[in-house]
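Shown below, as structure tokens, is a lone chain in the form predicted on its own; questions about how it binds or moves come after it.
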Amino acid sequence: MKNLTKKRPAFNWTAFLVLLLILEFVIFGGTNAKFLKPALLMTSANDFLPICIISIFVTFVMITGGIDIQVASIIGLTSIIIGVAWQDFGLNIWAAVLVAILVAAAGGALSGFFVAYCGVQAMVVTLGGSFLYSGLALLVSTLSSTESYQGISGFPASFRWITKYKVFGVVPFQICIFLVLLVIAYLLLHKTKYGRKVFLVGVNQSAAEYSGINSRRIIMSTYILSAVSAAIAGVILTSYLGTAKSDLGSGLTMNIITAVVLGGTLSTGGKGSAIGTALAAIIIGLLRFGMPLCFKVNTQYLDIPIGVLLVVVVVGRSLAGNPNVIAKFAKMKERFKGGSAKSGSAEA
């Protein structure tokens, strides 16, 4: 006899993230109507767009089983290279941008090489990278005639246009850049052979090698993508603020990693989603915007809820994947069903 019982659908993490996003609008919007103003929301997006842009490409790294905590330092390095190359070395602003992106890509390739080809732990390599690139940013700032604490400003209007122009007079152009990058990341990760190789390397690197995949090259490429995304975020931040500084984006590391993990990417690798990460990044961005606006939370304490969110998600996923915990919940479910059946027969 055929088993007619239907399998229950697996928990949809993306749907859960959409629900969280809706709850934010309901709670924050209900507390303060200003939160729902489109113009204010669009302006606030400028503050967390770097998190959105970088996190969708850090997802590639974490799917392979690695981690990248140097991206925040690359933002500052990109920014100060643009400023010094343009102001003090006389390069065209777009040539300066290209140089900064190439330097960032080289930095990502260096870290990726140590992880993929030398077998050094990703946490150690990227932690060292964060100090290295922060130090390089400070070193580059000494080449400028402008004091580092002041920042380099006075950029051409063509460069400031990136963040000043609004599509249809409403949507900031940098949001369009993020959407384009999201589409590229989604297609690359979920619709190409390269994406399938990234997932396979994360699931089992040895199996990937036996399948003819150059896992080392794949791993290294993810760090390059991550670094380039950080450079793009650095360009956007520099344009938006109108100032090039060596410490730009220095406090974004925890937000980026939290966005990737909250988006459904396993810290052990093999699973992740570009859309999930983007949703999670927006959730974190709106949380950082809504808490001060609606509940008067000091911005100095905004890392507390982000940190709690990161711990809860990591611990929750770890417990959900623990066979002992699963077995205990199964026993509790059986007992509950048994108790319900007995009470039903007693009533009959």
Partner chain sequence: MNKTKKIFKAREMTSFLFLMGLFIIVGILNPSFMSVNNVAACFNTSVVYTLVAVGMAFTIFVGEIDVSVGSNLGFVATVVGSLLRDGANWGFAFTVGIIIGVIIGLINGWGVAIMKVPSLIFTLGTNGILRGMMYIYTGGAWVENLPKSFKDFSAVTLIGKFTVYYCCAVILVVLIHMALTRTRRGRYFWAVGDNAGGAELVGIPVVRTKVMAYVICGILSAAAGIIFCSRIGFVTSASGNGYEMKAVAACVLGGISLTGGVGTVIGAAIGAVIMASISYLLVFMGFSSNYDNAITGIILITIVVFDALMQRRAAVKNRRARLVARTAAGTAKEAGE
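Owing to the predicted nature of the structure, the values given are computational and were not obtained by experimental measurement. Numbering follows the first chain given and starts at 1.
The same protein also has a form predicted together with the partner chain, omitted here; what follows describes it.
Peer 1: Residue-level contact is defined here as any heavy atom of the residue lying within 4.5 Å of the partner chain in the predicted bound form; does G135 satisfy this criterion?
Peer 2: Contact check for G135: yes, within 4.5 Å of the partner chain in the predicted bound form.
Peer 1: Using a 4.5 angstroms cut-off on non-hydrogen atoms, would G195 count as touching the partner chain in the predicted bound form?
Peer 2: No, G195 sits far enough from the partner chain in the predicted bound form that none of its heavy atoms falls within 4.5 Å.
Peer 1: With the partner left out of view, is S273 within 4.5 angstroms of the partner chain in the predicted bound form by any non-hydrogen atom?
Peer 2: Residue-level check for S273: no, no contact with the partner chain.
Peer 1: Does F295 reach the partner chain in the predicted bound form, with heavy atoms at most 4.5 Å apart?
Peer 2: No, no contact at 4.5 Å.
Peer 1: Assess the spot marked by L40, L241 and I283: is the partner chain within 4.5 Å of a heavy atom from every one of these residues in the predicted bound form?
Peer 2: Not one of the three qualifies.
Peer 1: Which single stretch, out of 25 to 33, 275 to 283, 50 to 58, 295 to 303, brings residue heavy atoms within 4.5 Å of the partner chain in the predicted bound form?
Peer 2: It is 295 to 303 that comes within 4.5 Å of the partner.
Peer 1: Using a 4.5 Å heavy atom cut-off, which residue among G129, G264, G151, G269 comes into contact with the partner chain in the predicted bound form?
Peer 2: Residue within 4.5 Å of the partner: G129.
Peer 1: Which residue, A207, V170, V183, C118, is the contact with the partner chain in the predicted bound form, using a 4.5 Å heavy atom cutoff?
Peer 2: In short, C118.
Peer 1: For the stretch 62 to 77, I need every residue with any heavy atom inside 4.5 Å of the partner chain in the predicted bound form, listed N to C.
Peer 2: Stretch hits, in order: I67, I69.
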